[in-house]
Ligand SMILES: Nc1ncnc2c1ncn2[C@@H]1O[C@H](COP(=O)(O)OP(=O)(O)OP(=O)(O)O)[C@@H](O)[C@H]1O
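Presented below, as structure tokens, is a lone chain in the form predicted on its own.
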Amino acid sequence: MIEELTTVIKPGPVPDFVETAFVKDLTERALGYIRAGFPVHFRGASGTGKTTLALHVASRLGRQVILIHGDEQYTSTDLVGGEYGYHLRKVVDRFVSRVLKVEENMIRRWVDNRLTVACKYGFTLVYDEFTRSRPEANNILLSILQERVLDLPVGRGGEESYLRVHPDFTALFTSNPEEYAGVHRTQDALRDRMVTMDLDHFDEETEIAITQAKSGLARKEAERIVKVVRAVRASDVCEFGPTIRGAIMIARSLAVLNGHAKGSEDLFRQVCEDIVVSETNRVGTRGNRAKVRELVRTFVRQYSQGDAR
């Protein structure tokens, strides 16, 4: 029986998922590595679609999914399991009719956490931002990925001190580059056990398709928005290049505000400024907001004329 503390996600299409030729190629390569017996690790900057792609690949595998989000406070117990509460056992003995004998035992109750459940039942593990957990917490993964064995804590009970990993168990990992704040350097031994696919920003066609799908705007308007975002990204003026998230935020905001992606509309320019400038600058970093704002205005005028070609 699956522990009630563990949330299992049923496999299914990711809502509003857009699969262009670019995305299909990534998906098929990842599935090929999995069929060859290797875990897959999607590594890339924020906004490159790592988590969405991992969930899409997991849905293609057709097995139930266990999702874990990396956390600085995690220990191996948070992954494998631990003792939570007590189990009360009461035995009433009436073998002798005039004698009532009652025995009560209270023992610590062990609950398997998500990693153990995935290994036991052969589910697909999606470990999102796994390098935000400390390396010592992730050491338990080494034997799982290589020897297909999960070492069990003594307190779990049972005759075996280890669990044979189910043959259908599959692991997908995502992470940001190591220079990101809050990211730990992963163990060489763990990185050596997985195939790492470095993700960059999507190609232009994919970004247009995603922006249109997530907002409901017409294709030409989604195209104008994406061209502005990509041009700002390519300028190398920003501290942090705007991502597909920025394009989606602009498009959905315009859809709600009844605006249009046209250079003649002040609303389009203002929404682009609000979202792109804030996305590309962080508190405490060098103040180039004015430069980015001027770039946004320039590209809004440039790509909002005609068909934005």
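Predicted model only: the values in this text are computed from it and were never measured. Note that residue numbering follows the sequence shown and begins at 1.
The protein also exists as the form predicted together with this ligand; that form is not presented, and the subsequent description refers to it.
Would this ligand be touched by all three of Val18, Lys50 and Asn176 in the model of the complex, meaning a heavy atom each within 4.5 Å?
Yes: Val18, Lys50 and Asn176 each sit within 4.5 Å of this ligand in the model of the complex.
Counting only non-hydrogen atoms, choose the one of 38-46, 57-65, 269-277, 253-261 that falls within 4.5 Å of this ligand in the model of the complex.
Within 4.5 Å of the partner lies stretch 38-46.
Sort through Leu141, Ile210, Val232, Ala171 and report the residue having a heavy atom within 4.5 Å of this ligand in the model of the complex.
Checking each option against this ligand in the model of the complex, the one that comes within 4.5 Å is Ile210.
Taking this ligand as it sits in the model of the complex, is Phe202 in contact with it (heavy atom to heavy atom, 4.5 Å or less)?
Phe202 belongs to the contact set for this ligand.
Is Ile244 part of the interface with this ligand in the model of the complex - any heavy atom within 4.5 Å?
So Ile244 counts as contacting this ligand.
Contact with this ligand in the model of the complex for Asp78, defined as at least one heavy atom pair within 4.5 Å: yes or no?
Close contact is absent here: in the model of the complex, Asp78 is far from this ligand, nothing within 4.5 Å, heavy atoms only.
Please run the contact check for Glu129 against this ligand in the model of the complex: heavy atoms, 4.5 angstroms, yes or no?
Yes, contact at 4.5 Å.
Would you mind checking 212-237 for residues with a heavy atom within 4.5 Å of this ligand in the model of the complex?
If the 4.5 Å heavy-atom criterion is applied to this ligand in the model of the complex, 212-237 yields only Lys214.
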